[in-house]
Every structure is written in C-alpha cells, then in structure tokens.
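Only one chain is shown below, in structure tokens, and it's the form predicted on its own.
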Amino acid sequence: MSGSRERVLARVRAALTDVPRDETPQDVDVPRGYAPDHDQGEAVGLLVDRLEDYQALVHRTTPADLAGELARALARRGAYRVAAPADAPGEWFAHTERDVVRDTGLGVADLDGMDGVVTGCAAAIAETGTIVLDAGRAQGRRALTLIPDYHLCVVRADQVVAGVPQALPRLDPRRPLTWISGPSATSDIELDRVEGVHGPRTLEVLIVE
C-alpha cells in the first residue's frame, strides 16, 4: 500500500472516531441551503418544452389512450421488433401488433438488431429536460436503453419533478443510473454535432397525465 493511500485512510479513520458504529447517513440532518427548483413554471409543460428543445419527440396522452399512442408511435417509426424490460406492463402493448421481445438476457447482437426499445423511467426533471432511469420497474438494465437506436419512454405525470434536488430522493443509489437529456449527441474537435455515439439517436417520450 502506498504512503499516500495510508495517509488518506488514516485521516478518514481519525475523522470517524466519534461516529457511532450504528449511525447511518439518514440519521444526520445535513443543511441544504440551495433552492430545490427555480420556479420556472408548471413542471409537465416545462419538461415538454425542454425535451423538444433537445429534439426529442414528445406526446402527451392519458392512461386510457397510452396503449393506442404507443402503438401509433411504433408505427410512425416503422419499428417492427422492439425490446422491452421483462417487467414492463403488458397493457402498454395491448394495441400494437409489433413484435415485443422481453429482455431476459438479450445479447449485444440481439439488442443491436432491434428496431427500438420501450421503457418507463424513475423520474423526469423539468428544468433540465432530463429523464432518469435507475433500473427499477419497467426500466430494464442499462444496455437495453443504450444499444437500440430508438428509445420510446413512458413518463407518468407523477414522476415529473421541477428540479434535480427533488429527483434524487426518488432514485435508488445502489443501482446504476442513466440520465437522458434528449437523443445521444456529442461534438467532435471541430464542434460538428455527432449523434448516436453513446446511445439512441431518437428519443420519443409519452407523458401520461
């Protein structure tokens, strides 16, 4: 073990000497003097504005019409074979005749051969236009939403929060988190926009309210 590492660990141990062994982070009240949001308007409307600004496709629908809207989205896309988490609600796909393949361990080549993926999310942040997945129910594992080139995401209105601080308590820190702000894009050294490097080039969002 290096001398630097020993010194760092020694300082950590010294700082923890007065902490009871059964104390958890939740037992300590941490002052948080920042605003949870910036009062930029009604959350769902703001999320739609931000997502569209990021060139995502956005549709607002109702629980009764979700299956129909989802079927229409897949038809517009021309997606005939899509992946979905194993625990995604079956009623989402009640009106589509497309081939929905449940992910029970699909390989990279299998995922790459899909026309898209349909998932839910853990939270959506209006101010940043960000959808967050934490591998919880109906979200699947990270590879499921990073390999197919088209991602259709179902967001319930009660999952939309105004700011990032409001989203964090809704996420499971023990699981990998995927933060999505529009279609995957980056810029090369000459600032030319390149899409699809780190994930799907097309993000479509169905907001259920």
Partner chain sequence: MPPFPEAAKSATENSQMRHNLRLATDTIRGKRESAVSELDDWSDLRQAGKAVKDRTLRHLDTYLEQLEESVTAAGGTVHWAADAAEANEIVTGLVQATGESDVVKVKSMATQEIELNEALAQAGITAYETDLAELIVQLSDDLPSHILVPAIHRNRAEIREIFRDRMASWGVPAPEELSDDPRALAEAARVHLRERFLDTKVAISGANFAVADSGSMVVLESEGNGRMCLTLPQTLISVVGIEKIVPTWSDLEVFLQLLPRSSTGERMNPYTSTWTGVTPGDGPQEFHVVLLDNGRTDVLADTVGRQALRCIRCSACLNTCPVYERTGGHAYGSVYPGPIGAILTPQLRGTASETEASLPYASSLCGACYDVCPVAIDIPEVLVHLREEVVSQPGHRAEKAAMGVAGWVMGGERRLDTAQRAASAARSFMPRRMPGPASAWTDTRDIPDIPAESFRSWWRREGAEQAPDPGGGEHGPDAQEGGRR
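Only a predicted model underlies this, so the values are computations on that prediction, with no experimental measurement involved. Positions refer to the first chain, counted from 1. In this text, the rigid core denotes the largest set of C-alpha atoms whose superposition between the two forms falls within 1.5 Å.
One more form of this protein, predicted in complex with the partner chain, exists but is not displayed; see below.
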Inset, instruction - Please run the contact check for A35 against the partner chain in the predicted complex: heavy atoms, 4.5 angstroms, yes or no? - result: yes
Inset, instruction - Answer yes if any heavy atom of I180 is within 4.5 Å of a heavy atom of the partner chain in the predicted complex; otherwise answer no. - result: yes
Inset, instruction - Answer for D53 alone: is it within 4.5 Å of the partner chain in the predicted complex, judged on heavy atom distances? - result: yes
Inset, instruction - Verify the contact flag for S184: yes if a non-hydrogen atom of it lies within 4.5 Å of a non-hydrogen atom of the partner chain in the predicted complex, no if not. - result: yes
Legend entry - The unique member of A143, A67, V48, L57 whose heavy atoms fall within 4.5 Å of the partner chain in the predicted complex: A143
Legend entry - Single option in A71, A135, L106, V101 placed near the partner chain in the predicted complex, where near means a heavy atom within 4.5 Å: A135
Legend entry - Interface residues of 19 to 56 toward the partner chain, as seen in the predicted complex [heavy atoms, 4.5 Å]: V19, P20, E23, T24, P25, Q26, V28, D29, V30, P31, R32, G33, Y34, A35, H38, Q40, R50, D53, Y54, Q55
Legend entry - CA of D158, rigid core aligned, shift of 2 Å or more between the shown form and the other one: no
Inset, instruction - Could you check whether the CA atom of R174 moves 2 Å or more between the shown form and the other one, using the rigid core for the fit? - result: no
Legend entry - Core-aligned CA displacement of A64 at least 2 Å between the shown form and the other one: no
Inset, instruction - Have a look at H198 and P176: in the predicted complex, are their Cα atoms closer together or farther apart than in this form, given the change is 3 Å or more? - result: farther
